[in-house]
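The form predicted alone is given below as one chain in structure tokens.
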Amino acid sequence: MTETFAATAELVPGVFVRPATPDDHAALKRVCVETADSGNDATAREDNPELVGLIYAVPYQVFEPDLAFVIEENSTVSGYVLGARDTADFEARLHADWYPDLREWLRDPGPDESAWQGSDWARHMIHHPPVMALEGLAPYPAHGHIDLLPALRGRGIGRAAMEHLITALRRKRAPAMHLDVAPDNDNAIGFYRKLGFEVIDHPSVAPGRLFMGKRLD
């Protein structure tokens, strides 16, 4: 399936989505940490607030620039919607070309979570990243990720941004996509159901995790 698509578009009056560029890395990191505590600002709990964005946001602009978009209001980046066409390939590139450079200047805090402080959880993740391309997600090879600051929420922007990403993935002939959703976030689960996503039930999904998938073809 193909759809009419413009990389830069007005999502709702006065709010625009456009391709992210390297100049947006600071904004991507800022939005990421300011939504990292279940949608709330996690800056105060991190001793290195940039790390969360170096895990969850910036790599998409680096490795999937055609699927990395920032959302602006009044010329200020206040959200993003990001994707990867092939999760296994994206994961391989992170292991080969992203995490090794970060590990050179970040210590491994070790496996004892009770001893972690500040951003140690992020340092540990960079040294020991979790598997992204789970067996049960193989039928949904692409994935997406969206974060909006509070000023953009409840205005239809999230839905429009997700539809923008879905159209971009369809243009790249992605057959299906998945999302990693907090299992206790009923609002997010309901939101994604309205977009046509369904919970993926598979033994490879560990207890306490939830993924939702949608066919795109």
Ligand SMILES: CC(C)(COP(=O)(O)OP(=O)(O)OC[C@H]1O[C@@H](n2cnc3c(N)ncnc32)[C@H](O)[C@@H]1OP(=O)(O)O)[C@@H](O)C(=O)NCCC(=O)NCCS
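Every value quoted in this text rests on a predicted model; they were computed, and no experiment measured them. Think of the rigid core as the biggest set of C-alphas that the two forms share within 1.5 Å after superposition. We number the residues from 1 along the sequence you see.
We do not show the form predicted in complex with this ligand, though everything after this point is about it.
Using a 4.5 angstroms limit between non-hydrogen atoms, L137 is distant from this ligand in the predicted complex. Taking the partner from the other structure, this ligand in the predicted complex has no heavy atom within 4.5 Å of any heavy atom of R171.
Shown alone here, A27 lies farther than 4.5 Å from this ligand in the predicted complex, counting heavy atoms only. Residue contact check for Q61: none of its heavy atoms lie within 4.5 Å of this ligand in the predicted complex.
Exactly one listed residue, out of V181, A176, A42, I55, brings a non-hydrogen atom to within 4.5 Å of this ligand in the predicted complex: V181. For the partner-free chain shown, I146, D147, L148, L152, R153, G154, R155, G156, I157, G158, R159 of 144-169 come within 4.5 angstroms of this ligand in the predicted complex, judged by any non-hydrogen atom. After superposition on the rigid core, the Cα of D66 moves by less than 2 Å between this form and the one not shown. Taking the rigid core as fixed, one finds a CA shift for N48 smaller than 2 Å between this form and the one not shown. Relative to the superposed core, T167 shifts its CA atom by less than 2 Å between this form and the one not shown.
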